[in-house]
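Taking the form predicted on its own, here's one chain by itself in structure tokens.
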């Protein structure tokens, strides 16, 4: 029997720790809070937890500005808490991935504090310093401002592709590369199963290459233009570190390139990233033809490399997909079916299983420099006024927390939460949906349909994105596994797919 790596057959659930569960009443989620909710995640049926950063940080970018890669920030807990979380996850058969930030540190990191003293100290070359800006790059979060800032103490300019408080590391220096490898080893030694790697395509840069003038005039950050050949050599070095540990330690890269062909190269020849996020798919509009094209394009670039796709609809950086798709409950239910049946590894973002949309954040409570507070709102657990939190949380709750909470939806067999749980169970019990082949069923209407097959089992998934019922011949006389609308009497005995219905069937 062919061996299937765990990262190919799993469903990954992203936790934004500040907003997941609070154990000590300070209004901020923490590691002990996550531990207290592992039973829920096990009940839901996910396989892997990915934690957004919990490392020590001054929180200029809420953890993506790391001041110590080998310490837990006190607002989240301690190293002992992390060790206990890793142990608890493994005891339940869950894997744990951490969010690693290799491109930049906090300006409060001891490395940068030493580097900025002068141009001759031992860490002078650990960051990207120049006597004048080396290019026209723009940074993120500052309205399209320059990615170069002048440091009065050192009397030089340093590069920051994000906030000025996030200076870019100089991966051209072998000492930096080794030090960053050591931060990986620190966590691998403690048992983590892998890493989501933040904007990992930035660790190699062509500093002598300007970005397009038209893009700079629009204030577009350099992040989406960076694609340097040297990055692949560095990814191979990272992969060697992961492969030196037992248990198939895995990486998924945030390669923010909106071109599937370019993104595909970051898998290498099975010697770079094991997985890479597909941002072209995430930003595709809710339209059958557009989705069909993006799926086929992605697979056409990955399949020749033997690379494994990822599929993600929401995360901590973008408006939630139910909101982007028009806030329809029916659409959110269809999207759940699509996400969990495509060929590849699905990534869920906390709360999407409740059908959440972004919270409305009053002006006096906006804290994120990138304006992403709405999608980072606290997860409602119960229907009471604090929704399972011991204290008012750091951000307001999303809309409808009285009904869109875990407790209420667990007790409602027709809820979107139970749809996710049912679909995750079907995925687990039908290997064709995890690791089988994939064939798009070509159509020219509002129906997105595809077939998954393995060892003689054939599963068809069909989604009607239109406003009227559609005939899908292959559905007639089949065994229904799931209807997103709960129409068990319709699909499986008829070939008509209702408007805004997704169905999963087994062919005889």
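Positions refer to the first chain, counted from 1. Computed from a predicted model, the values in this text were never measured in an experiment.
Not pictured, yet referred to below: the form predicted together with alpha-D-glucopyranose (GLC).
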Report yes if any heavy atom of residue 450 sits within 4.5 Å of a heavy atom of alpha-D-glucopyranose (GLC) in the predicted bound form; otherwise report no. no
Non-hydrogen atom contact residue 160 with alpha-D-glucopyranose (GLC) in the predicted bound form at 4.5 angstroms: no
Just checking whether residue 196 would be counted as a contact of alpha-D-glucopyranose (GLC) in the predicted bound form - the rule being heavy atoms within 4.5 angstroms. yes
Residue 64: touches alpha-D-glucopyranose (GLC) in the predicted bound form, heavy atom cutoff 4.5 angstroms: yes
Go through 166, 251, 265, 226 and name the one with a heavy atom inside 4.5 Å of alpha-D-glucopyranose (GLC) in the predicted bound form. 166
Partner-free chain; cross-checking alpha-D-glucopyranose (GLC) in the predicted bound form, the single residue of 434, 109, 376, 322 with a heavy atom within 4.5 Å is 376
alpha-D-glucopyranose (GLC) isn't shown here, but in the predicted bound form, which of 294 to 302, 379 to 387, 325 to 333, 197 to 205 has heavy atoms within 4.5 Å of it? 197 to 205
For the stretch 121 to 144, I need every residue with any heavy atom inside 4.5 Å of alpha-D-glucopyranose (GLC) in the predicted bound form, listed N to C. 141
